[in-house]
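Just the one chain here, the form predicted alone, laid out as structure tokens.
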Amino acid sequence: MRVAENLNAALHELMAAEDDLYLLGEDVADPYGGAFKITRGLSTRFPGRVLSTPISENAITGVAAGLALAGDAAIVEIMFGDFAALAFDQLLNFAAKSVSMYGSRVPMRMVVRCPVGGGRGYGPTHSQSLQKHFVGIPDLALYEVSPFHDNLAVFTEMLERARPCVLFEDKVLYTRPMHAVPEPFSLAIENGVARIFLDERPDCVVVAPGGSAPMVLAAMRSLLLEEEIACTLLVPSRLYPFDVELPDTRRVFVVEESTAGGTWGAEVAHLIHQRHWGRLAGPVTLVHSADSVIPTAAHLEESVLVSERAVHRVIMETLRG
């Protein structure tokens, strides 16, 4: 099963299990089923609870927050995550604050799905990774789709939190198979964190969200075969609030596609410094995209986005000195 099919199956199961769950977004109804076909078949199976809307990210998110405030649940699809910025006010000033500002905790079961990321030539307005802009908002949790986490479990966890959640979905993952790990690495899931590892003590640990994981895995394989450097990769399903158990290691890297400056990786590095500084050989190393808009031309886009080659080079240079 591919990641897109896993997402679609998860939404079908959720809608069947919860008759107070609504799904809203631009062109999510059949026969289109969303720009990436994640919502295919849902409007036919659940008429009246899957609503295609005009281009109105702010309004869609506001309606979802209203449904959640009234006791229902809602999932919103932002067609391209770049436009989640238009819904930022609803998330920051309405949905997230509604959890706690009425004198007692108010359950807010809503999820905003955001397809993000470059590598497809969509240019400056359809290729960003906006995770860093949503980090640190009280009562707003951030998740990211990965090829290793079953999405029914991820959606269930988000709705059970009873707080607004944003789910980032890297577009390059949609066609990738679920749970595929290259040899000789093994995969384990522990407390919502996917761990891809070798049967030996790693030279370093890499923390990366799901969209960057395939690139990091490719770099880990070439580092092992060409440099005899053993890496362990940690892929958290929940990006914020962030919490992972760090294996025994003296070097940590964080890889993400967001552009430089105030990144999610900086938050991760801060937390790891607080907990583990005494046993690390140096600061956590951040690997991310350049401080730039995302160009459309393939060769320019490649020069901006973080790459397998950059991950390989930074890890090798840091460990070899």
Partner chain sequence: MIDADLSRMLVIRAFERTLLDLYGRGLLNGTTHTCLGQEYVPVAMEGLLDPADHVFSNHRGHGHYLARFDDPEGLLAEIMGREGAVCAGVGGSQHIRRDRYLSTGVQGESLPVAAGVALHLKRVEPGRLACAYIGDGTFGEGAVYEALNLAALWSLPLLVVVENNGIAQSTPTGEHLAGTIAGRAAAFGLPHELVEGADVDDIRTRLAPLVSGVREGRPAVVEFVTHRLGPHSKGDDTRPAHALGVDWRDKYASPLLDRLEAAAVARIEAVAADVIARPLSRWEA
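Numbering follows the first chain given and starts at 1. Just so we're clear, the structure is a prediction, and the values are computed from it rather than from any experiment.
The same protein has a further form, the form predicted in complex with the partner chain, not shown here; the description that follows concerns it.
With the partner omitted from this view, the residue of 128, 90, 237, 151 that lies near the partner chain in the predicted bound form is 90 [heavy atom within 4.5 Å]. In terms of contact with the partner chain in the predicted bound form, the residue from 296, 292, 44, 58 that brings a heavy atom within 4.5 Å is 58. Residue contact check for residue 52: one or more of its heavy atoms lie within 4.5 Å of the partner chain in the predicted bound form. Contact annotation: residue 82 falls outside 4.5 Å of the partner chain in the predicted bound form, judged by heavy atom distances. Though the partner is left out of this view, residue 269 does not reach within 4.5 Å of the partner chain in the predicted bound form, counting heavy atoms only. For residue 66, a non-hydrogen atom is located within 4.5 Å of the partner chain in the predicted bound form, even though that partner is not displayed. Partner proximity in the predicted bound form, defined as non-hydrogen atoms within 4.5 angstroms of the partner chain, places exactly one of 28 to 36, 277 to 285, 58 to 66, 259 to 267 at the interface: 58 to 66. Residues 100, 101, 102, 103, 105, 106 are the members of 100 to 124 with a non-hydrogen atom no more than 4.5 angstroms from the partner chain in the predicted bound form.
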